[in-house]
Structure formats: C-alpha cells, structure tokens
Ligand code: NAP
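Take a look at this single chain in structure tokens; it is the form predicted alone.
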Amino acid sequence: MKELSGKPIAEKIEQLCIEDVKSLKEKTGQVPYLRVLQYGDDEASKAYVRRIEKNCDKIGIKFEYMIFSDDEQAFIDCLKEANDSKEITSIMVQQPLPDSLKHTLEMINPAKDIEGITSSSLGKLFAGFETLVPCTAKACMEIIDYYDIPLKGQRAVVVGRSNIVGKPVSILLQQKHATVTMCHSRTRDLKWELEQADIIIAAVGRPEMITGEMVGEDTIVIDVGTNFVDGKLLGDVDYDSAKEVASQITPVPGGVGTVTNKVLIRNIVESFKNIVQA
C-alpha cells in the first residue's frame, strides 16, 4: 500500500505562490488582497480563517477578516463594497450563514470567487470554460496528477454530491476521460459500486463510513472527509481497514485537506492576476 501524502504537493504550490506574489508586486506595485466575511460566532469558522490568515501572511497576501453578529444589512453592504473595490481582489463568505443571508453567496463577484461556489463559477466549470475551481475538488486532482495516477478509461466512483466537492470533482474527472459514477445516501448498493471502482473519491461527510470490506482489491482511495469525533480528525474512510486492500490511499490528516489549503491560496493569486492584468 502506498500512502498519498499531500505534504509535497502543498509545499510545491506554496513555493510557486510565494514566487508569483513577489513577481506580481514588482510588476504592479500591488499584492493580492483577501477579505473574509463572517456572520455569527461559529468557532470552527474562526479556526479555519486563522489558518488562512497564517498562510496569507507567509505568501505575502493582504488579509482582512470582518465578523458581524447583529446587523445583516452591514454584512451585505460590506460584501457589496468588496465586490466593487479595485483593491480587494478576493472574497470569502464563511458558512454557516442564517437563512436570511444564504443568498449572499450568490452575490459574490465571480472574478473574486476564490472558492468557486457561485453559479457563474460552477456553470463555467461544467461548460468547460476557464474559471476558479472549488478548492477541495481541485486538490483531489492535484494529488492524482502529482502521483501520476492514470484516469483515461478508468472507473471513478464519487461518494457525495455536494456543489463544492462531489459534483465539481466528477466534472474534473470526466475532463480527464474517466468514467464516473456518482453515489450518495440513496444509492441502492454502495458496496457493490465501490467494489467496481478503480478510484474512489470519498466526500460524503460521514466519519469512517467506507470500510476496507467495501473497497475492491488494488483500488486507489482519495479521502476528502474532515470529521471531528471526540477531538480527533477522521476521514470518510476507515483508514486502518482500507489500507489493507487499497493500492494507494490518502491519509487524514495530511492528505486532501493539506493540499486544499494551498489551492485556496493559489486561487487568491489567480483572482488577482485575472483582475489586475485584465
């Protein structure tokens, strides 16, 4: 069994971003500028944003974090300001959001949509146009590319159909000529589907749902899961049992999530290029 560590991929992306930002600053006198908006006091969101801030500082990206708790209009106005700003080149709206503000995700300027979550970004992806791609889906492909995993003609089974992982990664896999099967909570015989797979992308959001006995011999397993159980981070795949049958598998932590963090930073740099050099 070969473990597909995300660390060397993350380090490579980070170094390229550092060089890119330095070069862009010399050419334009500017650096990428990220504004993160949050409504409410969700602690998991705060912890996530702190990691982003640390990465931005390391790369040389200007970072701004604004939290609102009792003024929805101020939150909306702040988002509109970021959309229109010539200086702010990237926007993140943290989730969860109250129902009354969920529509604000669609308000994000697509050129600054570094998470690739607007219908404009997703529509371009599905149509095969150049766009900023959801970071976790792209991270899966970075791992596949780095480790020279063949996709042409291979059967890939994606477990999970979210707009930020399952659906976009299925499109990216098809663009590489894989035959893709989408599975979810209502799939009739998940074990059978997984046993037929050459590659499994597990993005269902349930801790250790996929066990070794559900995985076929010599299957490649990409585990997207980030589930906290009793203070421990677990994937969607039971690593200990799956590694006994899989030929290659990503660890949790240290796999997809590690790469996702750096893909987000790269998207910040790309959004800056698209706006400033347009």
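Please read these numbers as outputs of a predicted model, since none were measured by experiment. Numbers for residues come from their place in the sequence shown, where the first is 1.
There is another form of this protein, the form predicted in complex with this ligand, and it is not shown here; the text below is about that form.
**Message:** By the heavy atom within 4.5 Å rule, which residue out of 175, 85, 100, 185 makes contact with this ligand in the predicted bound form?
**Reply:** By the 4.5 Å criterion, the partner-contacting residue is 185.
**Request:** Scan 226, 30, 45, 247 and let me know which has any heavy atom within 4.5 Å of this ligand in the predicted bound form.
**Result:** Exactly one residue meets the criterion: 226.
**Prompt:** Pick from 265-273, 6-14, 251-259, 19-27: which stretch has a heavy atom within 4.5 Å of this ligand in the predicted bound form?
**Reply:** Comparing against this ligand in the predicted bound form, the contact stretch is 251-259.
**Asked** Any chance residue 78 has a heavy atom within 4.5 Å of this ligand in the predicted bound form?
**Response** Flag for residue 78 set to no.
**Asked** Taking the shortest heavy atom distance, is residue 110 within 4.5 Å of this ligand in the predicted bound form?
**Response** Looking in the predicted bound form, residue contacts with this ligand do not include residue 110, since no heavy atom lies within 4.5 Å.
**Prompt:** Should residue 190 be classed as touching this ligand in the predicted bound form when contacts are defined as heavy atoms within 4.5 Å?
**Reply:** Yes, residue 190 lies within 4.5 Å of this ligand in the predicted bound form.
**Asked** Applying a 4.5 Å heavy atom distance criterion, does residue 91 contact this ligand in the predicted bound form?
**Response** Result no; residue 91 lies far from this ligand in the predicted bound form.
**Request:** Could you list which residues of 146-177 come within 4.5 Å of this ligand in the predicted bound form, counting heavy atoms only?
**Result:** Going through 146-177 in order - heavy atoms within 4.5 Å of this ligand in the predicted bound form - the hits are 159, 160, 161, 162, 164, 165.
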